[in-house]
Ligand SMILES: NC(=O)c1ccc[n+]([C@@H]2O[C@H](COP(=O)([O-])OP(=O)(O)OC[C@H]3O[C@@H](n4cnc5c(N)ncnc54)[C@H](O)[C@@H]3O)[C@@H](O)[C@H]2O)c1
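To begin, one chain is listed below as structure tokens, in the form predicted alone.
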């Protein structure tokens, strides 16, 4: 049984990851500042600590009886749009937290660090599957903070840290925060549809993204500690390949038993026109193959939400 630390354990991805690790029989310590997560999301069996990874106060509580076998750093501010509101907070939430956590891990005998990276580091790219060696030109403060964190990961290799950064594309699925209308394209559109029978899309329907279901993301994370080939690697974690926003909206509205009106207007700061992943390196290093396509994933998410609303 391994001992793992999961930051962001009360959030969408962190809670799903922590639950999977507990099911596998591991001991899991979780941390979260509950700025966007919820205490009730923390899975049973997780020893939970409230606190901010960007501040020193948290770390005394996280001191382990034995060294952590790995740290999964999922916590952070995860919206490109929100990063324009307060770039200094974004820097603390995403970059300072990573640097503090790296030092904490090394000081306490842990040399395996698995990081929730982001597609936002790439910025504008050609209309082709983006590879990890593509030049990074982030268009948001969020993207800059995630790229800086990866640079810190690489620098800490000289101290013995064995890192993996999973550059996540558009993650969606049950458990996503449906009240946050500034992060998560699928959750925003589905929330609008369920609440008002209306979807407001900021930007062109011809924009495109790569949508990856939460279960596939969790499988990628849990594979990392066992796969030595992933050490020192930055890996794309996509799922659907190239899907236009208009196609996504069509798939969503097809799930509704009642008509849904759609409006395309406005835009979002720092939003790139399109991006999708080449996942061949993740396949080679992790054995990563997405198992849930967008039709199945959207149907699962919609069913889970409607069941909860009618309960």
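The model shown is predicted, which means the values in this text are computed figures rather than measured ones. Positions refer to the first chain, counted from 1.
There is another form of this protein, the form predicted in complex with the named molecule, and it is not shown here; the text below is about that form.
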At 4.5 Å by heavy atoms, is each residue in 52, 89 and 116 next to the named molecule in the predicted bound form?
yes
I'd like to know if residue 142 sits close to the named molecule in the predicted bound form, meaning any non-hydrogen atom pair within 4.5 angstroms.
yes
Check whether residue 77 has any heavy atom within 4.5 Å of a heavy atom of the named molecule in the predicted bound form, and answer yes or no.
yes
Though only this chain appears here, would residue 189 touch the named molecule in the predicted bound form if you measure heavy atom gaps against 4.5 Å?
no
Can residue 253 be called a contact residue for the named molecule in the predicted bound form at 4.5 Å between heavy atoms?
no
Interface segment, criterion being heavy atoms within 4.5 Å of the named molecule in the predicted bound form, picked from 196 to 204, 129 to 137, 227 to 235, 116 to 124
116 to 124
Here the chain is shown alone; which of 102, 93, 147, 110 has a heavy atom within 4.5 Å of the named molecule in the predicted bound form?
93
Check each residue of 33 to 59 against the named molecule in the predicted bound form and list those with a heavy atom within 4.5 Å, in sequence order.
33, 34, 35, 36, 37, 51, 52, 53, 54
